[in-house]
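Coming up is one lone chain in structure tokens, specifically the form predicted alone.
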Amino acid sequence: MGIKEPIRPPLMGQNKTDVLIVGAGAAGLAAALRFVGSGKKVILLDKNICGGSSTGKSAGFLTPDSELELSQLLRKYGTNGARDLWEVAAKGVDIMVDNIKKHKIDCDLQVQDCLFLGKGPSGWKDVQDEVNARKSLGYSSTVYDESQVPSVIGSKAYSGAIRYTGTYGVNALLYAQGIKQVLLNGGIEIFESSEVLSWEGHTVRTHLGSVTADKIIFCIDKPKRYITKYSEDVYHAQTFLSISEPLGDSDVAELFPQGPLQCWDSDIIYTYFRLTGSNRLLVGGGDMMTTYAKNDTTMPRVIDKVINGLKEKIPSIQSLRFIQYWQGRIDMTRDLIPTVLVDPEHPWAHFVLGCVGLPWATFCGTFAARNVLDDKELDNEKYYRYFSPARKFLLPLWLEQVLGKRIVFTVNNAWAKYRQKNVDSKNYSQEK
């Protein structure tokens, strides 16, 4: 499917609708798609273009892995909780791939297994932890020790790796624009360049117009306090991406002896890379100084360091030129699990916040829409419990007033990822 209408006009005048969706990234698009054929009048707004923020700038990894490995979910939530949350993202992958195939969206869909690469002794332990977690939950995988890693990746610098199937790569901006066309064909009204500047009751206002809706679903990046108090629950990480010149077939075979894979390593601020359909290498990452910084860094020094570090590990790409880079913020919560809720003070308003990864966002947007439609098959209690803003963290929110949001979020992120365990998903509590 080609892009027939790349830019939609802004919202103008006074409008009324059954459902308003604010934000046209992966979550908002998924929510809107759920209403096609429902008989509901739906308006979708975005301050940029569909997929123009975090979604379109992403590396396009379609995998249940995001910021939390399966072994980390298992430590935190136990067997049932880890399976629930892994399946959330797995369902998100399935939804996206089904959409691409059903609607014939031309977005460079690549079937690529995941390869998690360990660095040093601690990285090999991380690989083993992941292997054991997958075994305990009944998920298959292939493990490679240090001597076997070069059989799948052209490097001798890694201490081990784990590989699993059912994952994909995609051009996320083209996916978003393709879904936009599906929505337009399905009768959804879309207005771009239409940032919501205020919200009162059932009405939101932009710089040129307003919408009054029976139900509102906010699927927004970097929410402002005037939109929701739950903006306090969201922070960001800055990441960089760069893409190379095309590789020749022999170069690809040397880099990926068994075929292209989507890869990331075991560093805290990890490097990730995959091959696109045009044989270009897409590389991403950051560093400790800029990842959680309050202000953006735009100079190429960060991604240059990431690329040079990868070149040191993979000899075949040492002369490869990277021709473009871009940076962006990824919204996240303190424990790297999305926040999804019905506003208790405004029960017609739903929020999807802090989704790290396209599959997580897709599932959560679909989930919110299904709740608006009152889907009886949903396990509402379970998912709203996992995604509740009232979750337990090491440092409470009020400490932000003393230490600052950056420090509190960084510490809570590290605790959730590497130390938190035995979470009782039936009794989340948060000291405010």
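From a predicted model like this one, the values you see are computed outputs, not experimental measurements. When you see a residue number, it is the position in the sequence shown, counting from 1.
Below, we turn to the form predicted together with a small molecule, even though it does not appear here.
This chain is displayed alone, yet in the model of the complex one of I220, V127, I179, V306 has a heavy atom within 4.5 Å of the small molecule; that residue is I220. This chain is displayed alone, yet in the model of the complex one of V234, L281, V340, V196 has a heavy atom within 4.5 Å of the small molecule; that residue is V196. Put simply, A361 is close to the small molecule in the model of the complex: some heavy atom of it is within 4.5 Å. Contact between L241 and the small molecule in the model of the complex is found at the 4.5 Å heavy atom cutoff. In the model of the complex, G81 stays away from the small molecule, with no heavy atom inside 4.5 Å. Put simply, G123 is far from the small molecule in the model of the complex: not one heavy atom of it is within 4.5 Å.
Note that among 383 to 391, 22 to 30, 35 to 43, 402 to 410, the stretch whose heavy atoms approach the small molecule to within 4.5 Å in the model of the complex is 22 to 30.
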